[in-house]
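Only one chain is included here, represented as structure tokens and corresponding to the form predicted on its own.
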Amino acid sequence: MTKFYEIGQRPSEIILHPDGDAPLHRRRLPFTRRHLLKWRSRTNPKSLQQERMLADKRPLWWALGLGALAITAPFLTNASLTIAAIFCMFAAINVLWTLVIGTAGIFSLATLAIVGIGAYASAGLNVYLGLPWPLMFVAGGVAGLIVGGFLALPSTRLDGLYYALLTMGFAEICRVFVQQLKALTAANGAINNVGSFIPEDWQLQRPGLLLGFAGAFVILLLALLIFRIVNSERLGMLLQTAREDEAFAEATGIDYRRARLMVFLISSTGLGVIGAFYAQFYGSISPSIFSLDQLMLLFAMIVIGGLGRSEGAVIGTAIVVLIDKGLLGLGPLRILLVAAIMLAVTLFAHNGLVGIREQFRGWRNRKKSEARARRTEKGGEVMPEEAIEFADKQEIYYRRFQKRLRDRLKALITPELIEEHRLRPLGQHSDALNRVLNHFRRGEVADKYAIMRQPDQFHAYKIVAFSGVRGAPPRLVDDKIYDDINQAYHAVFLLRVNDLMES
């Protein structure tokens, strides 16, 4: 018995068969009009049953990945649990940074500066003014919002490299300022003994590490939620339109500059909150957070993962954190390994690791087009650059038939046949001449020759060619006037024969 295997993408699709009489219930994300999953209703052309197909599987992959991380965390060692918490924290920072660079289109390098200012502001209020640790998140968010508003103003005047250099200089100024601020940071610019959501008895213990990971995991989830809300709502749609064509967006009344500032402020507020969590997680904060090497590691995470997508930020962070924190035995070779991976991704991937799938699909479609061009070039009936434009192969077969027919007719064109038509354009003809004339009569209207009588003379004729477009007048082939209608018929015949021989 022959066994048949299903082919195509349908076996891998997630398809539901709902009851046609039951109403559809779609759950939405909080504070948005977007649905949790992107379903598409369709009718199966074979079974004529109603189906619901999952059009976007990325939420499922997110749920599987984050769920696996949350489930395996209690079984990790203390060192691995700390690395997982650091990964979640830096992944949240990179997700919000992707929101600034990718969605808003502002090339800012002040990400860690905003995190550091939020951390220093919340830690200083906690240590010197006794601010409770729950309010440290509010203080960090307010500090990030203020600094973000200060940095957002130059983005309306500067763009690209100039704004990147400005924000990098701002981060370096913050580092030098904190180191020289002896009044508040006597210990070489650091603030120690910061209050934390982790009880003091649990510090560096198994329960404290689990609680720290849980907090970092929640921070990552909130960052992903902010990314999803901004990109799927009005702000993201406006910026997507402006990214494709700023002139068109401005002409239609879209204030994309204001939308960019709003996204920048939202991201800065979130980065400030992450800064407060950073200070509580470590119990201290030092000027190293403003350092250039930390910024370059974050930049490597974005480059390796891919710009503009949250998946890229998370995947790039996982790779760099695993190398930097998990392979401490390699020493300085870790940085060289990260640089080598970043260089390889830059050379061979268009948009980081998350863009490999689209890049592979583009390469595969290009190879298919080249193979199709080689097949159609074999008969000579289709140019190679035209082969990818045909959706119906019947057009290619029709051209192949027409080419073979023209090759047969070319062999019939002889001086005797031309002389026969000159002597008798109308009436009985030989079999060869009838074949040629029937082919000419069945030709397309476009560029088909005709005889036009001159309005001011009765026996005066000119040769014209139809345009093939309704309402467009025919074009004049030449200025020669024929006094005899038979000469005009023969002139048309010679033009068609010349076209046939040159085709």
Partner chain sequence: MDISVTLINGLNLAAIYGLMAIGISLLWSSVGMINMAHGATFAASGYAAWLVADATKALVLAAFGKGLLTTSLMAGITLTAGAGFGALFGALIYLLAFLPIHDKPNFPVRSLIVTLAINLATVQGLLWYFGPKQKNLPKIFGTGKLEFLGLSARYDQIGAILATAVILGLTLFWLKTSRKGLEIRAMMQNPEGAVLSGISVRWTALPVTMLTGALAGLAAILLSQTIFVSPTSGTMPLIKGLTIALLGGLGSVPGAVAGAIIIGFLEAIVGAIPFLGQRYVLFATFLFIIIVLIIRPRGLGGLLDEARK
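Numbering follows the first chain given and starts at 1. The model shown is predicted, which means the values in this text are computed figures rather than measured ones.
Absent from the display: the form predicted in complex with its partner chain. The rest refers to it.
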| item | value |
| --- | --- |
| Single option in Q402, T72, T346, Q205 placed near its partner chain in the model of the complex, where near means a heavy atom within 4.5 Å | T346 |
| The single option of L161, V218, A79, L322 touching its partner chain in the model of the complex, heavy atom within 4.5 Å | L161 |
| 4.5 Å heavy atom contact, L235 to its partner chain in the model of the complex | no |
| Residue contact check: G130 to its partner chain in the model of the complex, 4.5 Å heavy atom | no |
| Proximity of A339 to its partner chain in the model of the complex, heavy atoms at 4.5 Å | yes |
| Contact label in the model of the complex: R357 to its partner chain, heavy atom within 4.5 Å | no |
| Option from 136 to 144, 263 to 271, 152 to 160, 116 to 124 whose residues, in the model of the complex, bring a heavy atom within 4.5 Å of its partner chain | 152 to 160 |
| Its partner chain in the model of the complex - contacting residues of 318 to 336, heavy atom within 4.5 Å | P332, L333, I335, L336 |
